[in-house]
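Next up is one chain by itself, shown in structure tokens, the form predicted alone.
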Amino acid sequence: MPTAARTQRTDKTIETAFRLAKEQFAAVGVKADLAVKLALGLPISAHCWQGDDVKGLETKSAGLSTGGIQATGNYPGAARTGDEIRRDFEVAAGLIPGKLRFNLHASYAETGEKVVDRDAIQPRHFAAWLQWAKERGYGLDFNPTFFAHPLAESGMTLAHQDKAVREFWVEHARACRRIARSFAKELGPSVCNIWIPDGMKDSTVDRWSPRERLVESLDAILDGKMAGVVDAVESKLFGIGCEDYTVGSHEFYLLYALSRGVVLCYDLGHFHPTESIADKLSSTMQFLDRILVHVSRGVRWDSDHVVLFNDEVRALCQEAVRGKVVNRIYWSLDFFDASINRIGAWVVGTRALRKALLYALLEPTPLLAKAEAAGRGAEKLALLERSKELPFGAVWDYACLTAGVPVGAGWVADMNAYEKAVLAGRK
């Protein structure tokens, strides 16, 4: 059978399956067409650092960069330039359904042969990124880079004892806000998220002074609103070299965000493995208008594995839908896996989050809530079990078809072809 006819037949099968699935969802009060539309319309901010294992693009000759952050693996084909990252992501984006944004770290400045330290970066050093995003209709988000630099090797940046070191990093973050403002002027609001590695390895005696210094530094950075910039702060439980004490803990940033009117970031890998980030939404969002979520996957610790369509991600999306805050969350990704094809990592992870958002939008929440409110617990559980049985896969396939991307694992052939034609030639 000719390819065109075979494709037409496959499309017809997907449409028929969706029509039948839509009837089953309608029986529990869910409009599957609307769920598909809403899920595809939610912007997901994909991250540049998956493309090159967080190495960055800084000119290395003056020793201003110490090589990125730890990423495990040596799978061939990592991007080596900004053009290669952009080209690779275009391939990935063609395999991902729905609206996309792109998330940059400051260490991806393109300065040519000129050495520019991080306190001196300017919007012009990201001109190629901005032009590329404009051409493809992506919004751009931004992150200061407080790691992989000689002035970060002590494990302290904005909370450092040395005022000169703190001032360097304060100016870096201010420069990043100005860059985000330049993006916002052209593309609409830009999230500028601050994460720092500051902490201590063992038996910390003075937990007070670093946090006092961090408040002072953050206040200096965030002094004055910048048009279009969405300022965010991100906590962490612990990290390598700061197992005992993290200056920017969850409590610290929760209260800082609340008191200063900035956005709080939840990274799924930055909490104890038994903590539910989904459970935190209904508390935090009583008091904060918006939050940023970095969707990642920790395996035993904050290991930034590629996102999967797992219980944790589904629960997060379900809570966002149940609480009617799905549009008050900035959805972003933060994983980096150097052990597999990096385009495949982008596609698997981004599709998984999009899939979880659709799954949550297909839940018969009003029926479930009504049964729960009436004290009909067995009925609620029966409906929850029934919702798991409904033909979600047929709706997801239809969403992919509607978005014009491969259905099922059909995208793997495209990934393999690009690897053979392009990635295999990189050294």
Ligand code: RNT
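When you see a residue number, it is the position in the sequence shown, counting from 1. The model shown is predicted, which means the values in this text are computed figures rather than measured ones.
There is another form of this protein, the form predicted together with the ligand, and it is not shown here; the text below is about that form.
Counting only non-hydrogen atoms, choose the one of 74 to 82, 89 to 97, 242 to 250, 228 to 236 that falls within 4.5 Å of the ligand in the predicted bound form.
One stretch meets the cut-off, namely 228 to 236.
Does the 4.5 Å heavy atom contact test between Phe336 and the ligand in the predicted bound form come out positive?
Phe336: contacts the ligand in the predicted bound form.
Indicate whether the ligand has at least one heavy atom within 4.5 Å of a heavy atom of Asp267 in the predicted bound form.
Judged by the heavy-atom cut-off of 4.5 Å, Asp267 is in contact with the ligand in the predicted bound form.
Tell me, yes or no, whether Trp331 is in contact with the ligand in the predicted bound form, where a contact means a heavy atom of each within 4.5 Å.
Trp331: no contact with the ligand in the predicted bound form.
According to a 4.5 angstroms non-hydrogen atom cut-off, is Phe126 in contact with the ligand in the predicted bound form?
Heavy-atom contact with the ligand at 4.5 Å: absent for Phe126.
Please identify the residue among Arg297, Arg177, His105, His149 with any heavy atom within 4.5 Å of the ligand in the predicted bound form.
Only one option qualifies, and that one is His105.
Would you mind picking the one in Ala360, Ala394, Ile69, Cys400 that has a heavy atom within 4.5 Å of the ligand in the predicted bound form?
By the 4.5 Å criterion, the partner-contacting residue is Ile69.
Whether Asp52, Trp346 and Tyr418 all lie within 4.5 angstroms of the ligand in the predicted bound form by heavy atom
Checked in the predicted bound form: no contact with the ligand for any of the three.
Sequence-ordered list of residues in 16 to 48 near the ligand in the predicted bound form, where near means a heavy atom within 4.5 Å
Residues within 4.5 Å: none.
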